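Just the one chain here, the form predicted on its own, laid out as structure tokens.
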């Protein structure tokens, strides 16, 4: 394939289309025009990703890679690569936005053109993060994904949104500053003074320098995931943000940190990774147990789902640092599956809150009597959240726990406690909210699930069952990324 025959590559298209769509949305001030535009453009983005799956063969290399001279004076190129892991996460990103838009289609936001414009700009940043192969480009899109969220969280959301967003801002601003310092430091030690990932992998860092810069990168990625003890911004932000923002934050944006561990942190800092692996895995497993116990006693649906997400992300982090085939394969599955499952849970929570005006578990009960369809959806999603066999999360969690077990039996044993706790708080929530006696508040549950939300939940359930029965779809897609990662870290062990 002649590169001159390629007018525009898939990575470029996935960045430019949502960017232009978001900019157009700002000018659509009449009625629901901006909302309809956002839904249509998000479906077009899904179609672009879907078409890209027909061009995965190596013969189509030039459709999936691009590198423009961007800032030659400092050795930075606009370099993007659309590999298996990037393609999977771009698919998740593409799916998350229409799911969020459909769920809240009947919700009217103030200044909808600004709301949907910012949402689409955030999608642009996410796509760029998952494709970037230049550290400066990666940082640019990292910030582009986050900045719209600041405005979305502070302008639309709950009563405490301003103070919560300020806390989120402080965490992410400090983390981004540390990341920038780390990037510049590594850049200055590259053999050719380049920001390219290939140059970062060859940086001449002493063991002491690696240990120092490792924590600059790790802190930035840990805040984004979020990993214990960098997690304290998360439950409040998820609780106070508008539903579509929460879905993107928890379903997709946390994957920026998980992705960055695999793409940037561990390959660039092999020595420091080996030294600090016990500490990182210890933090991850501690966070899993801590978040499980906190979720167990929650009376707020949003906070329960938020803490359950910390558990899943902690397991992903532990499995990555175990650095074996099983663990990394499990992470590849779970990055996508966790995104789908957590968005499904947020859809159900949003429908309950918007209909009954409360998220308190103690005030709900017996919803199944009036909304059996929503109950079926929730039960399937809840079973996926606890990784029941034949749901999409089962194979991924099995592989990750196996990877952690290969690292350390006692570490895995402690982590396995969270499986029991997850089943307890998830099934307890289902029983208290959907079963039991109907009360005066929940007696009027008819009409909760609008057609657009039903479509979103149907897509989620189909993906849960499809990938639960046939996870090979994602395993095959990401196998090259896994093999490359394992071969690179083999010398560290």
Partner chain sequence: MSSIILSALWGVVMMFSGIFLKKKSLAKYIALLGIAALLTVNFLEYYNIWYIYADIRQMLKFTSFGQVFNAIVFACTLLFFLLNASEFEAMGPDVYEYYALIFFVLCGVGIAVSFNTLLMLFIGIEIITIPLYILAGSEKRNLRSNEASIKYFLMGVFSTGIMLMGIAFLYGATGTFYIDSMNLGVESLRPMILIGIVLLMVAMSFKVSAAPFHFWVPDVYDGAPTAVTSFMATIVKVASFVAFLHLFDTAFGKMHADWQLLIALITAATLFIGNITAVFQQSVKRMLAYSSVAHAGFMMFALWSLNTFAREGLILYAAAYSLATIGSFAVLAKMKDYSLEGFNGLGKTQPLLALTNTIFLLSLTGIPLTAGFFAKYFMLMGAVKSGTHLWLVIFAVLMAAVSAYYYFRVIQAMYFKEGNAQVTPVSPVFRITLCVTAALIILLGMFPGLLLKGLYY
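Positions refer to the first chain, counted from 1. None of the values given here were measured: they were computed from a predicted structure.
This protein has a second form, the form predicted in complex with the partner chain, left out of what is shown; the following refers to that one.
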| query | finding |
| --- | --- |
| Selected contact from 89, 183, 352, 95, since only one has a non-hydrogen atom within 4.5 angstroms of the partner chain in the predicted complex | 183 |
| Residue (of 109, 405, 150, 398) lying close to the partner chain in the predicted complex, criterion heavy atoms within 4.5 Å | 150 |
| Residues 37, 60 and 63 all lining the partner chain in the predicted complex, heavy atom within 4.5 Å | no |
| The partner chain contact at residue 166 in the predicted complex, heavy atom, 4.5 Å | yes |
| Residue 258: touches the partner chain in the predicted complex, heavy atom cutoff 4.5 angstroms | no |
| The partner chain contact in the predicted complex: residue 55, any heavy atom under 4.5 Å | no |
| The partner chain contact at residue 236 in the predicted complex, heavy atom, 4.5 Å | no |
| Segment assignment from 70 to 78, 250 to 258, 302 to 310, 316 to 324: heavy atom within 4.5 Å of the partner chain in the predicted complex | 70 to 78 |
| Residues in 208 to 224 with any heavy atom within 4.5 Å of the partner chain in the predicted complex | 212, 216 |
